[in-house]
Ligand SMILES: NC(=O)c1ccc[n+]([C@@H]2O[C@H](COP(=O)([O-])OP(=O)(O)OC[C@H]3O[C@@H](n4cnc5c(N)ncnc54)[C@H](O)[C@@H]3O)[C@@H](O)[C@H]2O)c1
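What follows is one chain in structure tokens, specifically the form predicted on its own.
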């Protein structure tokens, strides 16, 4: 019996590199990626199984690229808030127009399931101290968040009995990956502590940030390929994260300091313009996937494991601050070379 064919866009990125291995045993994987971060490896990649890899901009995808595909997991985007401000025009095209174009083409090609990875950044600056459910007010403040939300609204409308859609809004992901990112909050704090013994914070530390380990995110995406998508959840959004996974920036920094002795926290005088703050509810996720969900909040253990991963792979301050792990620096380098 042949395996079901799954297309992963952005499979050569931070999350995609891990997800591909999670799926390769049980599915026939097709990877599609523009290749911006293809060579940004801090660890040799040992894929469990060989798979077809296409290097292509998602805006250039044709029907032939989707032949015999049953499910698409759409990760590809200019991903996170600061990154999206580097080239707003490209961010709008990639995260909004090309994403919607791909979803529409997928439906035309008879693909059965479309899983879109959106973001919690669309909640923006929340003045509500309650935990935000999926229908809470959206206040996106960056190009990245706005484009993700705009794409969501159009993709929702494509869902029907033959074209099942799940939209995940993940918390800020952290944890080991062969194509590691040092420019997302907890990865940044641990990387800074390991390589310089200092954590620099560009705010008062009060903003809230939900976090989620990369392995836990991948496990849910794997389960989403098999779960029955009923009419109640088809074409809806699900906050992806773990109970107890909402932390202030200050709390995360202190957890790293306590876990990795000798770490100093420095509050910089020039605050960041990023004022996002939101606490998120994950009850819908648990309701759909079951209360015995496979993800658990064990951030101290995960910080230790992440630090161990860095030391094992000789993660230095030079790598931490280079285009190899800092996506902003990488894209600036690429755009200057084009």
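Computed from a prediction, not measured in an experiment: that's the story for all the values here. Residue numbers count along the first chain shown, from 1.
Unshown form predicted together with the named molecule; subsequent notes refer to it.
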Position in contact with the named molecule when the complex is considered in the predicted bound form, options 190, 102, 151, 173, heavy atoms within 4.5 Å: 173
Tell me, which of 308, 284, 56, 41 has a heavy atom within 4.5 angstroms of the named molecule in the predicted bound form? 56
Residue-level question: is residue 166 within 4.5 Å of the named molecule in the predicted bound form, judged on heavy atoms? no
Does the named molecule come within 4.5 Å of any heavy atom of residue 213 in the predicted bound form? no
Although the partner isn't part of this model, could you tell me whether residue 36 comes within 4.5 Å of the named molecule in the predicted bound form, counting any heavy atom of the residue? yes
Just to confirm, residue 123 within 4.5 Å of the named molecule in the predicted bound form by heavy atoms? no
Where does the named molecule sit in the predicted bound form: which of 27-35, 308-316, 287-295, 63-71, heavy atoms within 4.5 Å? 27-35
For a quick check, can you give me the residues of 3-22 that have a heavy atom within 4.5 Å of the named molecule in the predicted bound form? 10, 12, 13, 14, 15, 16
